[in-house]
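Next up: just one chain, as structure tokens, the form predicted on its own.
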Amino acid sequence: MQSYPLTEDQIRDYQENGFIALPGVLTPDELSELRAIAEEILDTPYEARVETSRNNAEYEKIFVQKVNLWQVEERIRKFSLHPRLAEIARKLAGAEHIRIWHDHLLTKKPGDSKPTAWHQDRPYWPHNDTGQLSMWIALQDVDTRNGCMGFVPGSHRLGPLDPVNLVNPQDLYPHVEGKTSEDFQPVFVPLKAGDCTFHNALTFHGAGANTTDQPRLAFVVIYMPDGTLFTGSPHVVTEGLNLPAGEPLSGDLFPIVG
């Protein structure tokens, strides 16, 4: 397995800005395989704990979301647990070891598509600590026409804020004391298929609507440093697992991948 040539400058850029774009994280063969799997998964119904946007028409205008696919689809496991991708995440996070929190397929459908509101990821998760990060792989070329990702550089240093309701979004910026939207200048990041972004779980990020006539598919893996503790707050990933609050998220459901 060929490693990715991540540089010290790229690591510093990520730590400074809270996000980074990396070209060609997947080989052409890997991209072709993952794209075919994703297209099939998009048309496959799953139970609600996997297909978390199911029966929520307004949410699906933002994106169709299918979570923890690696646990129910053997074909996608090698991408969710891919050591090349995990090693990038480990280095960016500066962690000794890194675990998977969950994967998900995010699809912005064409037609009646809505933007993804500016938000942070960390406030939605039952984690005690920071350092989590998400990898977002474009499965086709993306730009502002079909909903490429946008980030606010340096916003991860503001700490966790209140979560935003994505279906009825509030403005995230007033949660930052003394700031307005004019104080933040987002950067939108077009990608070629097979490129990816990594972003800190506290980085403000969002995406525009998909205004094209084709679905925008993205495969996402969320990583957390080994030792991240479960707070006990409800979340679809931990629902029904009877995990003790205050203990590390570990074991076969949250394996070390890097």
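Quick note: we count residues from 1 along the sequence shown, nothing fancier. As the structure is a computational prediction, the values presented were derived from the model and not from experiment.
Not on display, but discussed next: the form predicted in complex with a small molecule.
Participant: Quick one: 108, 119 and 199 and the small molecule in the predicted bound form, is every residue within 4.5 Å by at least one heavy atom?
Facilitator: Looking in the predicted bound form, the three residues 108, 119 and 199 all sit within 4.5 Å of the small molecule (heavy atoms).
Participant: By the heavy atom within 4.5 Å rule, which residue out of 149, 138, 92, 98 makes contact with the small molecule in the predicted bound form?
Facilitator: Checked against the cut-off, the match is 149.
Participant: Does the 4.5 Å heavy atom contact test between residue 63 and the small molecule in the predicted bound form come out positive?
Facilitator: Heavy-atom contact with the small molecule at 4.5 Å: present for residue 63.
Participant: Could you confirm whether residue 207 comes within 4.5 Å of the small molecule in the predicted bound form, counting heavy atoms only?
Facilitator: Flag for residue 207 set to yes.
Participant: Name the stretch: of 46 to 54, 229 to 237, 199 to 207, 33 to 41, exactly one has residues whose heavy atoms fall within 4.5 Å of the small molecule in the predicted bound form.
Facilitator: Only one stretch qualifies here: 199 to 207.
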